[in-house]
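Shown next as structure tokens: one chain only, the form predicted alone.
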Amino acid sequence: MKLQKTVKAVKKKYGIDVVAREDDRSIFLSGECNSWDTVVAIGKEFVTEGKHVVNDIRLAGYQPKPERLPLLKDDKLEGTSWDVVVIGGGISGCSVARELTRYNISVLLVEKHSDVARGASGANDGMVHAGIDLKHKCLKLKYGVAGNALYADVCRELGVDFRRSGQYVVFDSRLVTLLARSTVKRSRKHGISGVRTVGKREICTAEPCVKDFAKGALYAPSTGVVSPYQLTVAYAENAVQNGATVSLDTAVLSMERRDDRIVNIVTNRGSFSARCVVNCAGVFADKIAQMASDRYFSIHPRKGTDLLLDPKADGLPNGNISMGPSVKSSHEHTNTKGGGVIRTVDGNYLLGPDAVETPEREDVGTEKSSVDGVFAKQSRVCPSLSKGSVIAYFAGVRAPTYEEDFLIERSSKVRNLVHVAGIQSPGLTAAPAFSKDVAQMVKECLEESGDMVELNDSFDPVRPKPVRAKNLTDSHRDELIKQDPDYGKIVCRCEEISLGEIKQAIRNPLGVHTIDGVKRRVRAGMGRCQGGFCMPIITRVIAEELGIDPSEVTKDDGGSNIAVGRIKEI
């Protein structure tokens, strides 16, 4: 009865005829609509406690672009058998794979791209959130707060830079500053320590760029920053160090299910079996669920655009700041934290992101409207920003469910399937915590067959920290250059990256064979010239290290070759 009331309400509000049915887990929607924003809005109308939404309302006249699949085809994995297969090489999949190597089991992670951290995990601002925006108990809150508390230890183990730099949410109204006291009270209730409101004097002293309008602020000291792609890489490398296998350029194409178990997984690199499957496929998580005949939730892709600033630009804030709500908007519910001006762990600044619903799961193109909108919005909190300081912009696609919460659970229909879906912000923050629980779910799944899962006595949580020559003292750098002269040869002038560091990245445990793979590990090409000077040199070094022709080197996935051949010998 309630379901049909919602159908009638949707018809009245949007003029759309929706067919709705439900089972014990989900509400299923079908119909047709002329606007994607309306498709998403209708899906949200059916969200109810205890049920998921599967939204199959079509966008009239729209044909989705085919999924990007690897060009590579071989039989590398044909006929193999694994205890656990993890699908997806983002922060979720890589953190789960690393946790699984604490046990004495065989672990395979498959990622369809040429490197890990290629989705949302490689295209976000890297903020480790405190959780002050989460108002109600949910998995985002549970794992976000727990994950935040683990960050210092995890990053120390994995050799990744992490800075607990705090965040100011700035208010231009004294009334909103007073209203923010409810956030302080709620934060204490949720176990988020140190959150407090501050007056005009403190915020203007800490961040002089807001002195002309700020009336106060909310300060969250547990907020931090990390490089999202470097952390994902570190998780994957440590997993490999501890016995996991990572197969890149490997896309799951189909699955065979027999009774209540997955018995075969088909990829472009062969078919194989697994005793347990973990679905960490990001924006394709519902597609993977469908392959296993277990689609009981929907992902509606949401694109966010970030702007990268020159760190030497004038008028930048000292730390992380964002604009708080106005009196009118303080009661509005949104699906974005609003973005901000973020000082990254590498010393750059990011503006954004925004939040735009899109039917395309791999639409990472940037639109002028988003770039202009992000700059206009974030320049409110930092009026001294100049568009001339923007050196690059990029977009990532988040993977929310209609319930706007994480979905982390064993399937109730497929006994050897674990879903890790709907992982959007604060997914990066939450990963160190939820990956532990997922590993426990996998352990329980494996032990149901009667075999005990033993701990891996040789597990080593420490991943050696890569050398960053520019961060060393002069004496230590001189000593390093004496040992290896390549560390004294600067290839990327903008970021001061040496030849030794580039070779170190190529030789990492995962193996790197692309320009962007090197970029994600050592930041070569991320400076003002965006690789204009160093890319040809890096191309040559990759070719030499791998023993291939420079024309075979790609920027990223297959087909993105930097050169198409030689015009003359050099």
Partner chain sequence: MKYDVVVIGGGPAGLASAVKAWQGGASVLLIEREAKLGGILKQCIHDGFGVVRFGEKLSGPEYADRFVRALKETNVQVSLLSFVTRIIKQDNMYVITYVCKEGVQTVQCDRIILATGCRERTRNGIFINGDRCAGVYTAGSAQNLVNMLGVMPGKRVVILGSGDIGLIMARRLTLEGAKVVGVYEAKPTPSGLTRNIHQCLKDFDIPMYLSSTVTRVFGKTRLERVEICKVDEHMRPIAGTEEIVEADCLVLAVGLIPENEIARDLNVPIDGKTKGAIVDQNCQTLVDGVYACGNALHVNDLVDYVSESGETAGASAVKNHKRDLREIKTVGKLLYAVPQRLDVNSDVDGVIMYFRASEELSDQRITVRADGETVFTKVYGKLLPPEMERISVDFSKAKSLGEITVTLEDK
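Note that this is a predicted model, so its numbers are computed, not measured. Numbering follows the first chain given and starts at 1.
Another form exists, predicted in complex with its partner chain; not displayed. Remarks below refer to it.
Considering non-hydrogen atoms and a 4.5 Å limit, which listed residue (Lys312, Arg258, Lys189, Arg174) is close to its partner chain in the model of the complex?
Residue within 4.5 Å of the partner: Lys312.
Contacting member of Cys204, Val418, Val371, Ala180, with respect to its partner chain in the model of the complex [4.5 Å, heavy atom]
Among Cys204, Val418, Val371, Ala180, a heavy atom within 4.5 Å of its partner chain in the model of the complex occurs only for Val371.
Among 383-391, 279-287, 206-214, 439-447, the region lying within 4.5 Å of its partner chain in the model of the complex by heavy atom distance:
Looking at the partner contacts, the answer comes out as 383-391.
At 4.5 Å between heavy atoms, is Lys44 in contact with its partner chain in the model of the complex?
So Lys44 does not count as contacting its partner chain.
Do Gly559 and its partner chain share at least one heavy atom pair within 4.5 Å in the model of the complex?
Gly559 belongs to the contact set for its partner chain.
Taking the shortest heavy atom distance, is Lys8 within 4.5 Å of its partner chain in the model of the complex?
Result no; Lys8 lies far from its partner chain in the model of the complex.
How about Leu59: is it within 4.5 Å of its partner chain in the model of the complex, going by heavy atoms?
No, no contact at 4.5 Å.
Joint contact, Thr366, Ile490 and Thr539 to its partner chain in the model of the complex, by non-hydrogen atom at 4.5 Å:
Heavy-atom distance to its partner chain in the model of the complex: all three under 4.5 Å.
Let me know which residues along 472-493 have a heavy atom within 4.5 Å of its partner chain in the model of the complex, or say none if there are none.
In sequence order, Asp474, Arg477, Asp478, Ile481, Lys482, Pro485, Gly488, Lys489, Ile490, Arg493 come within 4.5 Å of the partner.
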